[in-house]
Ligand SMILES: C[S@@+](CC[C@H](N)C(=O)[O-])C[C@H]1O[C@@H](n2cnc3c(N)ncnc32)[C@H](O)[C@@H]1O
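Taking the form predicted on its own, here's one chain by itself in structure tokens.
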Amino acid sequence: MESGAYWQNVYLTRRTDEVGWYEPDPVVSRHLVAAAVRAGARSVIDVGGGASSLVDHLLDLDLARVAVLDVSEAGLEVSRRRLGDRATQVEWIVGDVTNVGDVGPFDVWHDRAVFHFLVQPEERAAYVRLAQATVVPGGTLIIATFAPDGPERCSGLPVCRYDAGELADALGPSFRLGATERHTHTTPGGTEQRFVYATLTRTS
């Protein structure tokens, strides 16, 4: 099944609070994005944001530009309904991060749990090209993937697992690794999943 159709089906057939990646409060992402905003960031794109409530918190930061990119229209619609009138303050981009094309410049690129689904080298290369074109020099890329002791599969799909150094290598010399942290996510079903979060700076 093509990627967009796969994730569209997930959102259409399962409740948002039942999927494994559901977070009642995206606390780690919130804190990392807020730190970038305190340092001067004025725009954020949430890659693979779907139904995540991170966008709700982004709108409280008085940013100049907020966007959410996801391959699933149904996932984005969950967030639009939740936000109500505030949804008009967000750019909603339906597309696959590996072939969506130009999305314009952003100070912060946030990705929780998209990159680790890119198991083919050409997919990862396309992701990196878009990130390079999107994050402004001096901007911030925040990425979270399964850690080396995390799951080998998620939502029925294989994943790649990374430590912080491997993430930095995968993203290439256009991004300089900064702070990293491990996080244990507990799914709605009670399963613990080990993640690594990394904050990287776009080099000139």
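Residue numbers run from 1 along the displayed sequence. What you see is a predicted model, and the numbers here were worked out from it, not measured in a lab.
FYI, the form predicted together with the ligand isn't displayed, but the following is about it.
The candidate spot formed by Leu69, Ala113 and Phe117 is fully in contact with the ligand in the predicted complex: every one of the three has a heavy atom within 4.5 Å. Contact annotation for Gly95: at least one heavy atom lies within 4.5 Å of the ligand in the predicted complex. Heavy atoms of Val136 never reach within 4.5 Å of the ligand in the predicted complex, leaving it off the interface. When contacts are judged by a 4.5 Å heavy atom cut-off, Ser43 does not count as touching the ligand in the predicted complex. Interface residue remark: Gly48 is counted as part of the site for the ligand in the predicted complex, having a heavy atom within 4.5 Å. The candidate stretches are 35-43, 160-168, 175-183, 48-56, and the one lying within 4.5 Å of the ligand in the predicted complex by heavy atoms is 48-56. Scanning 142-178 for heavy atoms within 4.5 Å of the ligand in the predicted complex gives just one residue, Cys154.
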